[in-house]
Each structure stands twice: as structure tokens, then as C-alpha cells.
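One chain comes next, on its own, written as C-alpha cells: the form predicted on its own.
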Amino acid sequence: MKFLLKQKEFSVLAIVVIISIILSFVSPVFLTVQNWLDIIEGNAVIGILAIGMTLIIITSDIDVSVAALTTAVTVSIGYLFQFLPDSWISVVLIFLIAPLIGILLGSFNGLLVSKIKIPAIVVTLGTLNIFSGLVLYITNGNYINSTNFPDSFMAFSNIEIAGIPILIYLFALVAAGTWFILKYTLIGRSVLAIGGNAQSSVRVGINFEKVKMFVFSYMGFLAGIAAIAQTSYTSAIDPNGLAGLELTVIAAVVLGGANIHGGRGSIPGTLLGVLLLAIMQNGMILARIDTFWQNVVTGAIIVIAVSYDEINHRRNQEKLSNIDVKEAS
């Protein structure tokens, strides 16, 4: 029990439960099954991107281009629909092509970070503007509505199994698959090792460049999946629809227990972070609080969560320094 209480994920779960109880008094609609399905489905895109961001943050890097990258893939899907037949083959092709485009864009970030050794924040700030600029140039800022989508894709978007929307199953599949990779595969353990101590991990034979390429390419892969989810959920393509979403993604990951300095993070923690942000947003909507407060809350959460991690990091560093001094004397 003491071990659980020390886990940050347990603290986030406790906060989720407390806020849920409070919101149930604010609105009787909050605890209904339909509302919770709407919350999860509506945040599936954020959740998928946050799962990818978890791996990047574990390796002590960050990717602020994820929203722009996802939008670029979404626009690619929209234009691709014009050349695809109205059959289930189109859905299969989209699930092959969209992640591939995402991998290509994500690996571009990874190449600059791993091979040329440019700081990730600089690289992804640059590619954020590149992707956003190209998207606005190609689309001229115009929507692409569902009239251009194959009926088969719209049918896929409306699938429900046991009353649960298909996007929730897609989200769950991504979460389970990434959890397995992180916990049971060599590349997953290498991600954790690089984040924990990059120099020591390199000394024991872990390929630093390969790991960095993997996490950014995998982020691109999940951005491709998120693009499909976004297109399916909105039944439209908005070149500006995901602007600023990277802040919410980062907030969810840090709030879920990932250390911004790297070395710590988990998929269950990230899912709890996404859920916490989602129910807070949903609660503000049900309470009819102005929508701009959602940005204020997200920003405040980032500042508080990062400050908390930074304070803990400094304390741990001071403890290690004291131990070294005592051993030396």
C-alpha cells in the first residue's frame, strides 16, 4: 500500500476520482455512460498523440510539432480521398498510407535530432512552422468537408461495437501496443535506459541514435493514426483545427507522471493525465464556464506539473551530491 501511495499515477487517479465526485454534483449528466463515452472518444486524438509523446519525453526530448504534423497527414488524407474508390479497400489503404506519411515526417525530426545533434525543441519548432505553412499554402486555409469522403470511410467512422465507438477501440489498441513495446521489447527498454542515463546506456551498447530515430518515427506513426481518428471524428478537415494541441498533449504526459528531464514515464500514467484534462474540460463545459478558461487551466497545469518535477529533480540531485560528498570524505 505504501508503494502505491508513493506512485505519481496513484495520485493522479485519486485526483480524477475526487474531481469526478465533485462534478457529479455540478451536473447529473457527468456520470452517465454516454457522457464518459463522449469524453473518451472526444479525447482519443489527444490520447494517441500523448502516448507517442510519452516515449519522447522519457528520452528527455520534446516534440512541439505533433499538432502540425498530424494536420499535415490529415490534409494528405483529404486530398487522397479524391482518388480512392468508394469501398472498404479505401479504409485499408488509408490505414497504410497515413501512418507511412507520419513516419516519413517524424523520421525527418528524428534525423535532425539524432544524426545532426540539433536540440529537439529547436528542430520541432522549425518543423512546426514548416508543416503549418505548407498546409495553409496547399489548402489556402479552407475546410474539406465530408462530401469528398468515400461512404465506406464514413461507415467506418460510425461503427459501434457493444455500444462503444470504433475510435475508442483504436485508442485502446494504440495504448496497449505501446505499453507492450515499452515494457517487453528491447527497443522499449532502451528508451527507458537512454532517458535514465544516456552516457551509461551508450557504454553498455545501446545505440543512442537508433533510439532517438525510433521515438520520433513512432511519434510520426501515431500522428498518422491520430489523423485518421481526427478525420473520422470531425467528418471534416480543418487546417487550423489542431493548432495549439501540442500544449495539451505535453500537459497530459507531464501530468501523468513523466519527468520532463527524462527517465520516467508510463502509458497508464499518460492515460490518467489525458483523462484528468478531459474531465476538467468536460466539467467546465457542463458548468457553462467560458471556453477560454480551458486554455488558462491547461497552461496552469503545465506550469504546476513542470515546477513540481523540477523541484523534485533538484532535491534528488542534492541528495546524490550529499551522498557523493560523504563517500568522498
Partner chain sequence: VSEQSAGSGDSGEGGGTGNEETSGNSEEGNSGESGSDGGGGVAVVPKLVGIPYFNASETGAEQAGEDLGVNVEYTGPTEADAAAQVKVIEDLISQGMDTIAVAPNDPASVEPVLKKAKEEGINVMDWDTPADKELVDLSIKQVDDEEFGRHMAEKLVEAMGTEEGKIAILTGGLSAANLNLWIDAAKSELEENYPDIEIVSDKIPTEEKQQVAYQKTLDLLKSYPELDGVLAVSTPAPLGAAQAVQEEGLQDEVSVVGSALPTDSEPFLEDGSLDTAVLWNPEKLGYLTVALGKMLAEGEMPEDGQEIENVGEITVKDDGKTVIMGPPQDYTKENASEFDF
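Definition used throughout: the rigid core is the maximal C-alpha set that superposes within 1.5 Å between two forms. Positions refer to the first chain, counted from 1. Values in this document were obtained by computation on a predicted structure and should not be read as measured data.
One more form of this protein exists, namely the form predicted together with its partner chain; it is left out here, but the text below deals with it.
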Open item on the list: When the contact criterion is heavy atoms within 4.5 Å, does residue 136 count as touching its partner chain in the predicted bound form?
Closed with: yes
- [ ] Verify the contact flag for residue 266: yes if a non-hydrogen atom of it lies within 4.5 Å of a non-hydrogen atom of its partner chain in the predicted bound form, no if not.
- [x] no
- [ ] Verify the contact flag for residue 242: yes if a non-hydrogen atom of it lies within 4.5 Å of a non-hydrogen atom of its partner chain in the predicted bound form, no if not.
- [x] yes
Open item on the list: Residue-level question: is residue 82 within 4.5 Å of its partner chain in the predicted bound form, judged on heavy atoms?
Closed with: no
Open item on the list: Within 4.5 angstroms, counting heavy atoms, which one of the listed stretches 139 to 147, 70 to 78, 98 to 106, 220 to 228 is next to its partner chain in the predicted bound form?
Closed with: 139 to 147
Task: Residues 29, 236 and 281 all lining its partner chain in the predicted bound form, heavy atom within 4.5 Å - done: yes
Task: Flag for residue 291, CA shift 2 Å or larger between the shown form and the other one after aligning core - done: yes
